[in-house]
Structures are given as structure tokens and as C-alpha cells.
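One chain comes next, on its own, written out as C-alpha cells in the form predicted on its own.
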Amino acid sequence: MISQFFVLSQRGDNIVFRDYRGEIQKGSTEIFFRKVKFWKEDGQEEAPPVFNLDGVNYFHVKVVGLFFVATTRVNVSPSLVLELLQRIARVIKDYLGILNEESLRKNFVLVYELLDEVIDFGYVQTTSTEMLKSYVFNEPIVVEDARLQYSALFMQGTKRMPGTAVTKSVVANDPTGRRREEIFVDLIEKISITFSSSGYILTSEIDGTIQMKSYLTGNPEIRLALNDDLTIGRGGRSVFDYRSSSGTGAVILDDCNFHESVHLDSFETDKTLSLVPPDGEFTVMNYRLTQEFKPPFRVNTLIEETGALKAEVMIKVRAEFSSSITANTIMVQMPLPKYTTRASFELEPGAIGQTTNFKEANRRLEWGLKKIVGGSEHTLRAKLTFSPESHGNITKESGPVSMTFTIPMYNASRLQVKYLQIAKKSGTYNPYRWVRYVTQANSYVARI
């Protein structure tokens, strides 16, 4: 049971606000934003997703730069409320096509209509895009997405899908008057790796998701085929307690779970999933893998004292994937000793699209790279200056090095979608059935 729901911009502007129970004082949006903006508790730089302030529980998730927030005075499950916020964001995105500040402001009537159907007096009714279509009647106002992030990813040979292909509303009609019959599949993996100081892998894990966004009318049955050599569960025993005929395959998932619409009748024999996709975006399958896999990046760090109050840091990043693949938006961070007063940087000759920064407030080194091509290696040197105050071991007080990145068309688990087949034959269905692979860093850490 929640009391309030609201959406704030990065500046703290109140975009959407709904008070369901009237039991929390006015100004909760300002109180929340000030607390999150200037969070300094527990030695953390960012506010946790759940915190309590003056008897009010605040729950929030950040989606495309927007704060989705719920408040309550009662003791409710944090995971339940956080999942609700994520689902509300997904439902709004399904209806608006694009989720950003402009689309919310232009479609506030539709958004409030959705919220009134999703939540009644603080209690959740439904978060199903398909079920809501029976109760929500406002048409969305289409907003162009300036990023067009999908245009370069969904292609086949010389043919390229328009950038707006997967960022349109599930209820809005095509400007030509006919509906494009398309379906998109995303295989997204978030990897967590910890390297030792000598470069060996200490821990490794993959949290993967197969997501689908359907624009097919009539809800036809589809079949999604995965690797033939896929095994679920250690020792060749699947999560369904059947003995796998293939033994231990090349791709071994520790565990997985499926959307309620997925039928697993033939999954054990031919690794195909049958389902009737609901309208909008939904998760077909979640999976987890902890067996050793080849990391996309190797990170090596060296620290040397060059004087009484000086030291030099060298960070080297090498891309271990194919040269046909490019990683985007890479950020390398390294905490420095608290007595560090200055840092000067030296990049490799001819470096393009790289930025460096020394965050004096929290003594942190930041190295940003716009892109890294597979097989390439990049190096950063930083000269540090320390204050005269007494200090201990520089190596022990530095690090670890952490890294965030996104790699399109790459997946570390080697899980593949072999084909996607629509059971119902129709001349209106678009032949484009795209599968996009994306790998992101969940926790990528190298000890020093």
C-alpha cells in the first residue's frame, strides 16, 4: 500500500504527482529531492533506493534520468514497491513510445489515466499493458526521440530499420493509417567481475534477460529457439527436475525463470519457448550464470611512489573481444588516498574522445572513453601530489578500479536466439524480426 506516487526531473521539477491517501504532509517532493541531491549519510555519495525520513518511507528508481518515487508510512516490502515503480515506468513507456520529460508533459492526461487504473487508493490493480487497453482510451501525442539509439543496431545487410521502429506506442496508429506488424527481441546481460591485483578473475557472474516488445495484432503464437547445447542447472539436471539428454552443454545456466505466458512443453527436448506475446515490452526469461567466462576487458593498474609527496598511477584497459565490435560510453573510476591534493593526467598520443577528471570532493580519478574498438588497448597515466600530512601505504589506500560500459551486439554467456518463428501466417506481418545483444557492466572491479 503506497500513499503517494510522483515523477521528478533531474532538476527536481514535479512532472507527475498523485496523492492516493492524503496521509503525508505537503512538500514531500521537495523533501525527497533535497535529501537525494545532498545525500551524505553512511559515507555514500548516492542515496539508497529506500530510506526513511521523519516517519515516511521513500522508495525510488531512476529511469532515463527521471525519478520515479513512491511514499508510504506503513511497513511494506521494499522489493514489491521498487518492482511496482519499474513496471509503472514500463507501462508508461509502452503507451507513450518514448519515456522522457517531454513525452510525460505532453501526455499528462494519458499518464494520469494510466495511474488511476494501475493504483486505486494506494493498492495495485494491474500493471499489464494489454489489460489496461480495455480501460484507457486517450491517444498518445507522439514525441520524437533525439537519440535514435536503435537506428544503427537494427540492420540486416544494407537494409536498416528506421530509428523510431522500436520507440513507438503500442496503441498509436501509424501515420499512414496502417499498423506495422513487428516484434523485437533484446538479449541484455549485466556482468559482474572482480579481478585480483595480478589480473586473475576472483569472481564472475552474469545476470541476463531476454526482453521482447511486440506490435503484432491478433496476438499470434510465436516460437523462440535457443542454443541446442543449452543446459540449465549444474550436473546436467535442469530446473524442471528432468535429466538432460545432452549432459553438460557449452552454455550452462545456473537457474532461470520465465514469463507467465511462456509454455515449456518442448523446451527440454529442442530448447524452444512457445508463447503468445502480450502487447508492449515484457521479460520473456531471466537467467543467471556463474561459471567462468571470458571477460570483455582486462584492466591492469600500477602505482609507484616517485617522491616524498608524489606518486604515479598507470591504468591500462585492453578490449578482449573482436575488432568488429565497439564498446560505448566507458567510464573508469579509481578512489585515491584521502590526502591527495592534485592529479595531472597524460593520455596516449592521438587519443580522441577521452576525458579525464579529478573529483577533489571525494578524491576520485575518472577516465572516460567515448568508444573502444575490440582488440585495442588504451593507457592513462596520472601524476598525484599529496599533502604533507602523515599518510600510510599508498597502494592499500587506493582503488579498487571500477569500470562501466555498454557493448552492443556482444554477449559473454554465448546464449543465442537461433530463430523467432510466428506460427500464424499473415501477409501483414513485417519480415523484420530483430534480435539485439547488449552487454553492460553491473560490477566490474580490479583490485590493486
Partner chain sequence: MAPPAQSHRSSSPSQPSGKGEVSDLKSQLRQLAGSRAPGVDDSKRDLFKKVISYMTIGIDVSAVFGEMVMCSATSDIVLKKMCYLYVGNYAKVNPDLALLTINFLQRDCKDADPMIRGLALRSLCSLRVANLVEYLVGPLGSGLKDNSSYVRIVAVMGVLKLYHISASTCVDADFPQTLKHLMLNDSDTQVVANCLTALQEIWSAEASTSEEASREREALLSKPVVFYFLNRIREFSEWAQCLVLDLAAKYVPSDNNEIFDIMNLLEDRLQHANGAVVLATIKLFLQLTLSMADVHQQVYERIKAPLLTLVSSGSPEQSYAVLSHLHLLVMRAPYIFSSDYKHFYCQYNEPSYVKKLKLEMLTAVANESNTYEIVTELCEYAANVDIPIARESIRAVGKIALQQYDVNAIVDRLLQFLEMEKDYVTAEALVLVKDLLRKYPQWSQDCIAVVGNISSKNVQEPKAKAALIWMLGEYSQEMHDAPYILESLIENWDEEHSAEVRLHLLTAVMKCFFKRPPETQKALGAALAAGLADFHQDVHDRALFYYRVLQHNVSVAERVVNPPKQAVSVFADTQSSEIKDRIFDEFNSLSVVYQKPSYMFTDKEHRGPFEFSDELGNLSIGAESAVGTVVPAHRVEANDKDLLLSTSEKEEIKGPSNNGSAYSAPSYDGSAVSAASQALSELTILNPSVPGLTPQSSLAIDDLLGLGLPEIPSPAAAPSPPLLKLNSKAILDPGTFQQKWRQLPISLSQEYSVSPQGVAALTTSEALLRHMQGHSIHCIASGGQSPNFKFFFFAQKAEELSTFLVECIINTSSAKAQIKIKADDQSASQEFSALFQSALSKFGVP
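The structure presented is a predicted model; accordingly, all values stated were derived computationally and were not measured. C-alpha atoms forming the largest set that superposes within 1.5 Å between two forms make up the rigid core. Positions refer to the first chain, counted from 1.
Not pictured, yet referred to below: the form predicted together with the partner chain.
Novice: With the partner left out here, check for me: in the predicted complex, does some heavy atom of Y112 sit within 4.5 Å of the partner chain?
Specialist: Flag for Y112 set to yes.
Novice: Does R381 make contact with the partner chain in the predicted complex, using a 4.5 Å heavy atom cut-off?
Specialist: No - in the predicted complex, heavy atoms of R381 and the partner chain never come within 4.5 Å of each other.
Novice: Heavy atoms within 4.5 Å of the partner chain in the predicted complex: does Y20 have any?
Specialist: Within the cut-off, so yes.
Novice: Counting only non-hydrogen atoms and a 4.5 angstroms cut-off, does N52 reach the partner chain in the predicted complex?
Specialist: Although the partner chain is absent here, N52 would touch it in the predicted complex, with heavy atoms inside 4.5 Å.
Novice: If contact means a heavy atom within 4.5 Å, which one of 127-135, 314-322, 221-229, 349-357 is the stretch that engages the partner chain in the predicted complex?
Specialist: That would be stretch 127-135.
Novice: Within 4.5 Å of the partner chain in the predicted complex, heavy atoms considered, which of M403, I407, V69, A412?
Specialist: Of the candidates M403, I407, V69, A412, M403 is the one lying within 4.5 Å of the partner chain in the predicted complex.
Novice: Which listed residue (S376, S344, T217, T203) meets the criterion of a heavy atom within 4.5 Å of the partner chain in the predicted complex?
Specialist: Looking at the other structure, the residue within range turns out to be T203.
Novice: When the partner chain is placed as it is in the predicted complex, are I210, E292 and V438 each within 4.5 Å of it, taking any non-hydrogen atom of the residue?
Specialist: Contact check failed for every one of I210, E292 and V438.
Novice: Going by heavy atoms, what in 46-73 lies within 4.5 angstroms of the partner chain in the predicted complex?
Specialist: E46, A47, P48, P49, V50, F51, N52, G55, N57, F59, H60, V61, K62, R73, in sequence order.
Novice: Quick check: K106 between the shown form and the other one - does its CA shift reach 2 Å or more after fitting the rigid core?
Specialist: The answer is yes, as the C-alpha of K106 shifts between the shown form and the other one by 2 Å or more after core alignment.
Novice: I want to check V63: does it shift between the shown form and the other one by 2 Å or more at the Cα, with the core superposed?
Specialist: Yes, the C-alpha position differs by at least 2 Å between the shown form and the other one.
Novice: Compare the position of the CA of G353 between the shown form and the other one after a rigid core fit and state whether the shift reaches 2 Å.
Specialist: It does not, since the G353 C-alpha is displaced less than 2 Å between the shown form and the other one after the core fit.
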